[in-house]
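Before any questions on how it binds or moves, here is one chain, the form predicted alone, in structure tokens.
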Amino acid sequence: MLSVLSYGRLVARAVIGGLSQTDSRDYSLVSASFGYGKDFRKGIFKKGMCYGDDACFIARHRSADVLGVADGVGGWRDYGVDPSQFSATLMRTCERLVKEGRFVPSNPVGILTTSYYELLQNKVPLLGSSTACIVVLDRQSHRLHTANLGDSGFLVVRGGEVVHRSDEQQHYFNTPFQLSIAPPEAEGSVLSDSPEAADSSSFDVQLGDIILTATDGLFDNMPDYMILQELKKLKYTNYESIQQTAKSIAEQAHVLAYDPNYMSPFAQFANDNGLNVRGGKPDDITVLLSIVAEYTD
């Protein structure tokens, strides 16, 4: 049915819930992905790590593990532009930079910036907009460095609680910060933020910490407590267990997105902004689920 992708089958010598310790061992991430395109029910699934207009990547380099998600802005479809092309190209470019070692682990904004400016310099114009979230684990320092532009994001869970998370960036209701490339005649009239505007953070992780990185299709349909309930079912640190949990979370969000009677986080936010809205929010959903483990080559 849907493709579930990971990078590496590392042996995780960690206990879920986190262990507080200082050591010289390198850390790494055991990661899996799962998602749904909004058009999944029509049987439409794009190749690669793309779910609808969402895109993502999982990459490794000798110094770091790097994850990314991006959500193409669907409004471009009204102008004959495929929104998935921008997000997918952005994530592929980020992945290539990581694999080539053209990044600094402590500067995920730099990955986003370099990738975006490569897109701007393409000989063939690429039009579109996208949010983006980049997560980097520095293996030696055990620090998680992040950059988030817009309303995708991440959670770090330890001992069943959220101990660190991204901050959502919105210009106004349902209008997130976004990277954009517009045709010359539309420049200035299309919302476009600088990659340097991304919210960045650094956080010390522990063995067994769970990192969930996702597009807004997850967070708009599942509140924290529901996500944490699903994560409590993750009892093992092997790839297969992580894959199954990522799938379970994405499936639940997908079902809730089409429930007209469910008061979703998106509906609650809409009501807070004076709109009488109820139900889930049908959207593309991408979930990357990772566990911090001891690195094994």
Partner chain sequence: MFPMLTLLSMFYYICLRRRCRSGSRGESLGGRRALVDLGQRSTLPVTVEVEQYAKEVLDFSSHYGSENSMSYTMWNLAGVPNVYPSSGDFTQTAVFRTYGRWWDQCVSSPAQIRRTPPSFHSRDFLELAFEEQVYPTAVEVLETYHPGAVVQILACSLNPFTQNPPADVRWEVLWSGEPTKAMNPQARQFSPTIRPINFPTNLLRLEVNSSMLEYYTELDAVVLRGVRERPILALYKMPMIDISDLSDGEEDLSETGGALCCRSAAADHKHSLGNGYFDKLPYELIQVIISHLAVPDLCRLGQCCKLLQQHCSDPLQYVQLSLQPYWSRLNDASLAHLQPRCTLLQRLNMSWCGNRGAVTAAGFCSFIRSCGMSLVCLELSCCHFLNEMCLEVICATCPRLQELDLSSCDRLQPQAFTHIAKLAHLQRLILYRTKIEHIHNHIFYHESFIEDYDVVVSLLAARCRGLVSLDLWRCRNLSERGLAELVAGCAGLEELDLGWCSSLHSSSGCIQLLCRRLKRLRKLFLTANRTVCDNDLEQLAANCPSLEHLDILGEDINTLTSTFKNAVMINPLWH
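Every value quoted in this text rests on a predicted model; they were computed, and no experiment measured them. Positions refer to the first chain, counted from 1.
What comes next is about the form predicted together with its partner chain, which is not displayed.
### Query
Between the options L155, I227, L97, V205, which residue brings a heavy atom to within 4.5 Å of its partner chain in the predicted complex?
Filtering the options by heavy-atom distance leaves L97.
### Query
Within 4.5 Å of its partner chain in the predicted complex, heavy atoms considered, which of G159, G75, P183, P223?
Exactly one residue meets the criterion: P183.
### Query
Since the chain is shown here on its own, which stretch among 88 to 96, 161 to 169, 196 to 204, 142 to 150 would lie within 4.5 Å of its partner chain in the predicted complex, judged by heavy atoms?
It is 88 to 96 that comes within 4.5 Å of the partner.
#### Entry: Touches its partner chain in the predicted complex: Q121 (any heavy atom, 4.5 Å)
Because a heavy atom of Q121 falls inside 4.5 Å of its partner chain in the predicted complex, the answer is yes.
#### Entry: its partner chain contact in the predicted complex: V190, any heavy atom under 4.5 Å
Contact check for V190: no, nothing within 4.5 Å of its partner chain in the predicted complex.
### Message
Please determine whether V109 contacts its partner chain in the predicted complex, using a 4.5 Å cut-off between heavy atoms.
### Response
No.
### Message
Considering non-hydrogen atoms and a 4.5 Å limit, does its partner chain approach Y117 in the predicted complex?
### Response
Judged by the heavy-atom cut-off of 4.5 Å, Y117 is in contact with its partner chain in the predicted complex.
### Task
Any residue of 125 to 139 with a heavy atom within 4.5 Å of its partner chain in the predicted complex counts; write them all down in order.
In sequence order, P125, L127 come within 4.5 Å of the partner.
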